[in-house]
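Below, in structure tokens: the form predicted on its own, a single chain.
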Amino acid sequence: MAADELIFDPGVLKDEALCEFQGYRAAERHGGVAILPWRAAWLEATAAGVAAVGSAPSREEGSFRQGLVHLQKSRAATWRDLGHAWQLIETGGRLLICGGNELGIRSAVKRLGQELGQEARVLANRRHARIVAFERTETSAPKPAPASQITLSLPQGTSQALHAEPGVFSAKRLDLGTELLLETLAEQPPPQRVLDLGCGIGPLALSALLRWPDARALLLDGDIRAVASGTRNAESLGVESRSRVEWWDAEEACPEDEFDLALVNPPFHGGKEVDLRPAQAMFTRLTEALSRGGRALIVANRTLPYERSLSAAGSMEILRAERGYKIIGFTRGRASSTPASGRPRGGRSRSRSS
């Protein structure tokens, strides 16, 4: 991103440790800690020798004279990061926010200035991006971004509000693809072991556990904010003893195998462009984790050619095709071949079938 290049302009960063949110290049050069909720980015940063964590540390674990927040597409997620950064910066230190015009950096800076009662100091402004600084004071702070509540219809005909941390996929309502897959669950035979790849806040696997009281589930997601949301939702639904939610990236092997049902709503956007590599990597992990003859339900935009990636590893049928989406029923074959894998892009919010 052009905005990331600006952080190394002369006079932008002081040569001292910092807390960096949604990036790690500054922490790599100056020291400190990088807060990276996407596991792919965390893996990349730790491989480069950077001290990286998935969630913001507490003030008791350390404080800094400067903090850098990279603007996200989700304004609520950015404000959550700004609030965490503010807590980690010492009084008199600097809070920097960095982003491109396409993400709305101007309006974000204006809003933050109003909340802090300060004028932003522009440190760099070029390449359709800018970095500005505010002073950490004791008299004001960024207004906290609340979590969302999403209504989930339950198999018993009731509903439950699910918790969604800011920045998690589909944090305002269930996407249409997820709703269609949930409708398809009722047509499936009872499984014993359920795998939810890219679980988000957990509606698919948690609905499966409520529908089938003898089943157990493993939920995996690359966004640690989704893992926190899914864990909390499993507890609120009373299925925490039959579920486990883990932080995982599709480049890594699945922690377990021999599942008889998998539920998948793969991401297919990397930024504004369609990018099938994350889905292809998930399909590789899927076929490794399913038992022979195991079943998967995969939701996709009707135009996406997922069948090509899956055809070598088993049989498929289109179970539903409506509302612009399709549900692919995949059964793992007896052959050992798996789909071609691809590495998902790290550090980006990824759209699924919404």
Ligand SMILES: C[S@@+](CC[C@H](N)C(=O)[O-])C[C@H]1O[C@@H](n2cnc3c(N)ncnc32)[C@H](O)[C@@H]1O
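Keep in mind that what you see is a predicted model, and the values were worked out from it rather than measured. So that there is no doubt, residue numbering starts at 1 and follows the sequence shown.
This next part talks about the form predicted in complex with the named molecule, which is not shown.
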>> Please identify the residue among M282, V245, A164, I131 with any heavy atom within 4.5 Å of the named molecule in the predicted bound form.
In response: M282
> Of the residues A262, L206, I97, C199, which one places a heavy atom within 4.5 Å of the named molecule in the predicted bound form?
Replying inline: C199
> Should the three residues E28, G32 and G67 be counted as contacting the named molecule in the predicted bound form, with contact defined as a heavy atom within 4.5 Å for each?
Replying inline: no
>> Given a 4.5 Å cut-off on heavy atoms, tell me which of 67-75, 221-229, 115-123, 80-88 is the interface stretch with the named molecule in the predicted bound form.
In response: 221-229
> Applying a 4.5 Å heavy atom distance criterion, does F169 contact the named molecule in the predicted bound form?
Replying inline: yes
> With a 4.5 Å heavy atom cut-off, would you call G93 a contact of the named molecule in the predicted bound form?
Replying inline: no
>> Under a 4.5 Å heavy atom criterion, is A250 part of the interface with the named molecule in the predicted bound form?
In response: yes
> Does the 4.5 Å heavy atom contact test between T178 and the named molecule in the predicted bound form come out positive?
Replying inline: yes
